[in-house]
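Next up: a single chain in structure tokens, the form predicted alone.
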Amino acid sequence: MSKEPVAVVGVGQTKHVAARRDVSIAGLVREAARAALDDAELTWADVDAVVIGKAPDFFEGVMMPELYLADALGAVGKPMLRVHTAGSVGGSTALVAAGLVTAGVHGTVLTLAFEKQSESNAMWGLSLPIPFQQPLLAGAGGFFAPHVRAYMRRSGAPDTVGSLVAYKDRRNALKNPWAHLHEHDITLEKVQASPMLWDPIRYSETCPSSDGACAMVLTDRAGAARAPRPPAWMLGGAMRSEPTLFAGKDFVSPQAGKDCAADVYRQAGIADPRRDIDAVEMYVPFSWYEPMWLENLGFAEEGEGWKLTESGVTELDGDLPVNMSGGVLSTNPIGASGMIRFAEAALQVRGLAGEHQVDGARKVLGHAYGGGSQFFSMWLVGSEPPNS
């Protein structure tokens, strides 16, 4: 039996903010799901199954929240799956949902991811006490800063590159009404003058803590034919993982990331990603990860990624726009951050990204990573169905 092509026919997001005190977690996820269904002009009755994801349950302190969210998501009496792969979970959740459609198990699947960081403390949740971890770092930034310094030594990148990424992404966010951070007075000088948190990562080069949810409606060829607006078609999707620590692990450019990208490109028939892919929504929680992932994903040779950033290639009007929506640097409901990358990629090829639309975007990559640079999920979506 041949694989069923997967189409994205609905996308919905909440307005991402520091604290959504007006809604519960159930209200938050329902808001995004309702928006995705409205985009697809479908009802809860049209959904065959729900696939939900979020980051660790201890962030909010509600264990297995999917069990009580079924009612809010119209999933009572329907199959509901939970996915968790740390920070990459938003992407992984979408891929699990896509797999159900591809295999013909379900015709239309609602997939959703969320985080309500105002009800948690992710930084200290990720800072384990002695004896489980040496007291050498605080939060994710403390873990990743040494890897950024290793990249700088390896590539010879000037120390201004991180501020260029942050300045670009925060300006892009001003064109995205759903983004959390809207810093209308942002300047490069302000980014470079912000406090140093984890050398070389400055305050303005880090992601915020956001409350938010993102949802997508995935369907088969028959469902896509009924869609009121152009669908985005999944051309390739893959997940890969590797241990947090092992002899020979390359923290700057993890092998699992390379393998995941290579698999997606193989599925989609991409010979040269730099030439064949129009834009990228990339998981960049700390600004230096843009040049690092440009190399890991095959858009630049090793040690050359920072030159793409510095020369303006990744700007919204550049040759390879990266994080047109403002990225994780502007919006970070952790469990949803990966799905937002996937959903924003879909909006681009559907021509529905609004002010941050890339003209002529036909193939766009969505990318997520999580844990200690150990979990990766990616998909490539296109404006035309596969093999068309």
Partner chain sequence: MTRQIAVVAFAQSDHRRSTEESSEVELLMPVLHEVLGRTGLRTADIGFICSGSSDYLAGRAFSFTLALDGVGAWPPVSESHVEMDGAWALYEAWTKLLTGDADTALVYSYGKCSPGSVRDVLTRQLDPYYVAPLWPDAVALAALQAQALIDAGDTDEAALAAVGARSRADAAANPHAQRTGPLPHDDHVVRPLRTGDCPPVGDGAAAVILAAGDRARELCERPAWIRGVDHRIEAHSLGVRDLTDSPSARLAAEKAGAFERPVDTAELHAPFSSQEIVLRKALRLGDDVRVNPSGGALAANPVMAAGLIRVGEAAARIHRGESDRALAHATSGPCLQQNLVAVLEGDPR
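Numbering follows the first chain given and starts at 1. As the structure is a computational prediction, the values presented were derived from the model and not from experiment.
What comes next is about the form predicted together with the partner chain, which is not displayed.
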### Query
In terms of non-hydrogen atoms within 4.5 angstroms, which of the given stretches 147 to 155, 92 to 100, 182 to 190, 198 to 206 touches the partner chain in the predicted complex?
92 to 100
### Query
Which one of P243, G269, P177, P228 is close to the partner chain in the predicted complex, taking close to mean a heavy atom within 4.5 Å?
P243
### Message
Just to be sure I understand the contacts: of E304, D276, D159, D71, which is the one whose heavy atoms reach within 4.5 angstroms of the partner chain in the predicted complex?
### Response
D71
### Task
Identify whether the partner chain in the predicted complex is within 4.5 Å of every residue in the set G298, G312 and T331, based on non-hydrogen atoms.
no
### Query
Taking 4.5 angstroms as the cut-off for heavy atoms, does E31 touch the partner chain in the predicted complex?
no
### Message
Is it the case that L352, even though its partner is missing from this view, gets within 4.5 Å of the partner chain in the predicted complex, heavy atoms only?
### Response
no
### Query
Using heavy atoms and a 4.5 Å limit, would one call I25 a contact residue for the partner chain in the predicted complex?
yes
### Task
Verify the contact flag for S194: yes if a non-hydrogen atom of it lies within 4.5 Å of a non-hydrogen atom of the partner chain in the predicted complex, no if not.
no
### Query
Along 45 to 80, which positions have a non-hydrogen atom within 4.5 Å of the partner chain in the predicted complex?
P56, D57, F58, G61, V62, M63, M64, E66, L67, Y68, A70, D71, A75, V76, G77, K78, P79, M80
